[in-house]
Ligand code: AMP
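Listed next as structure tokens is one chain, alone, in the form predicted on its own.
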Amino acid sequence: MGQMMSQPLLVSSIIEHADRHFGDKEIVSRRVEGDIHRYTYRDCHQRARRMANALATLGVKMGDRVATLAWNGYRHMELYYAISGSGAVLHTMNPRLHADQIAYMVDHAEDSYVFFDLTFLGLIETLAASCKSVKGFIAMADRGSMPASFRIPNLMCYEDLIESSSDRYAWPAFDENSASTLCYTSGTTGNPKGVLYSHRSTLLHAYASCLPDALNVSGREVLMPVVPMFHVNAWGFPYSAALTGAKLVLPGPMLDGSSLHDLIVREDVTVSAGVPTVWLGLLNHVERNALEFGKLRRIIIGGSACPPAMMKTFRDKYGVELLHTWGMTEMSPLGTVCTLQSQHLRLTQAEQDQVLEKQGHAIFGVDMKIVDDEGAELPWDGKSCGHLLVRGPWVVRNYFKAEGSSALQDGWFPTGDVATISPEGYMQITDRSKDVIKSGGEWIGSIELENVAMAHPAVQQAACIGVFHPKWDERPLLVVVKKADAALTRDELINSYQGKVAKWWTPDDVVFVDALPVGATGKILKNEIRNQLRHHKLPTA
């Protein structure tokens, strides 16, 4: 056996490290109240210790679940460390889910307390009576901002708890495989499923995400995670920022293009992260008002594929690199990141773009493969298309309370994505398994068809679904939102596919709509589009 020190990998060690080595680095938050709050990692650590003491006074024990309904802000950051660091389990809830789903999650997790931003007061008032396991609700506000609500039992004030608690607290040591955080999936069918991360998996994920060919997080950056802290731990940024001492900018509830641009310029943000719909709104704001992006140089994209046309606009017009990533709630979430390797630097810009449009290369800690419908592994030739499976130390083994049943297939987690993998190991999602279009027994990737549509100057958003065809079973149908005042016809858009995809992949029809339905994490809801257009008659049918 090796003769090195054995210290458990615990979440509390990250904020201790940030305090000791980067204590003066800033955490800047736009508060629900609308103003800008500033303090340091040292302040965050001190208040997290106070809150850990407050949780103990409330009777929260090792393994108890404590929920949050909150935006990206400094109080939420404190709870990330106070709850998990004390041995309890942080349960971040997505407020964009339906109220019935949130009530289900609270009941299923058996949450002992719920912390909430005042934005969600009405939601808490609606849910409070049905939350049988909850002993109290804590409004994340000071005394002067506390609501006068008689519908919330045992309503407490966050700042009162902080002020009445000592900052003398020693973070406990325990097994690194203990649960740290609980996130529920935002599936569109059935009840959400809980994914229970451990301290070990959380720290390993934070380490890996900082690698240069991963998210390249460092103390030289100013990070602004737009991806919510209630969704997969904001892709781990509350941990990786503290781990490296990066200045952290938290945008709160205001995620419109104007508010984000204000923070980016005011705080000298260099790196940000979020789903494509957020950046589309920001880009529209910048272009409408003839603005620039200040010191912003890198945007990390996840949740769904980014249209290549948008990537090129950011890079060529504004000097901002868009970095594709891929992952899932079940993967903590990071799986792949698309950065160039040394051999790619000799390629032309167009050839490099073909690489960068993929979802990327697996980072250390994640292994992957593609298989056919019978489970046989397919080659990494960039052409073979199969079901994507993954495994690794921060990939789910079982869902929370699944009574021991495994979520795995022969030790691999089935992602539900359909993908190809190049000989160099670059993975590209071609579709979700449930979204793939099967025409005459052959697969058509809807994402590629959407990317062609998005490259048209008159198209704002596009989705592609399969609809019934009497001969071919399914054929592709484009559903498009046009840019304001843009003139675009069905035939013009369909003709734009000539020479860009195989002829038999060309969509059979186009439906123009005012907006596309979007889910709780910003993804376009194709199941709703399919339901709305299930009786659509194709011209060729």
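Every value quoted in this text rests on a predicted model; they were computed, and no experiment measured them. A residue's number is simply how far along the shown sequence it sits, counting from 1.
Quick note: we don't show the form predicted together with the ligand, though the next part is all about it.
Trainee: Counting any heavy atom within 4.5 Å as contact, can you tell me which stretch out of 20 to 28, 528 to 536, 515 to 523, 5 to 13 lines the ligand in the predicted complex?
Mentor: Going through the listed ranges, the match is 515 to 523.
Trainee: Looking at G302, P251, P238, G87, which has any heavy atom no more than 4.5 Å from the ligand in the predicted complex?
Mentor: That would be G302.
Trainee: Exactly one of T329, T270, T339, Q460 has a non-hydrogen atom within 4.5 Å of the ligand in the predicted complex; which residue is it?
Mentor: Looking at T329, T270, T339, Q460 one by one, just T329 meets the 4.5 Å heavy-atom criterion.
Trainee: For a quick test of understanding: in the predicted complex, does each of R65, Q101 and N233 have a heavy atom within 4.5 Å of the ligand?
Mentor: Looking in the predicted complex, the three residues R65, Q101 and N233 all stay beyond 4.5 Å of the ligand (heavy atoms).
Trainee: Is the gap between S186 and the ligand in the predicted complex 4.5 Å or less for some heavy atom pair?
Mentor: Because a heavy atom of S186 falls inside 4.5 Å of the ligand in the predicted complex, the answer is yes.
Trainee: Contact between D417 and the ligand in the predicted complex at 4.5 Å, heavy atoms?
Mentor: Yes.
Trainee: Is T325 close enough to touch the ligand in the predicted complex, meaning at least one heavy atom pair within 4.5 Å?
Mentor: Contact with the ligand, yes.
Trainee: Examine R432 and determine whether its closest non-hydrogen atom to the ligand in the predicted complex is within 4.5 angstroms.
Mentor: Answer yes; at least one heavy atom of R432 falls within 4.5 Å of the ligand in the predicted complex.
Trainee: Residue by residue through 352 to 370, tell me which have a non-hydrogen atom within 4.5 angstroms of the ligand in the predicted complex.
Mentor: Result: Q359 alone.
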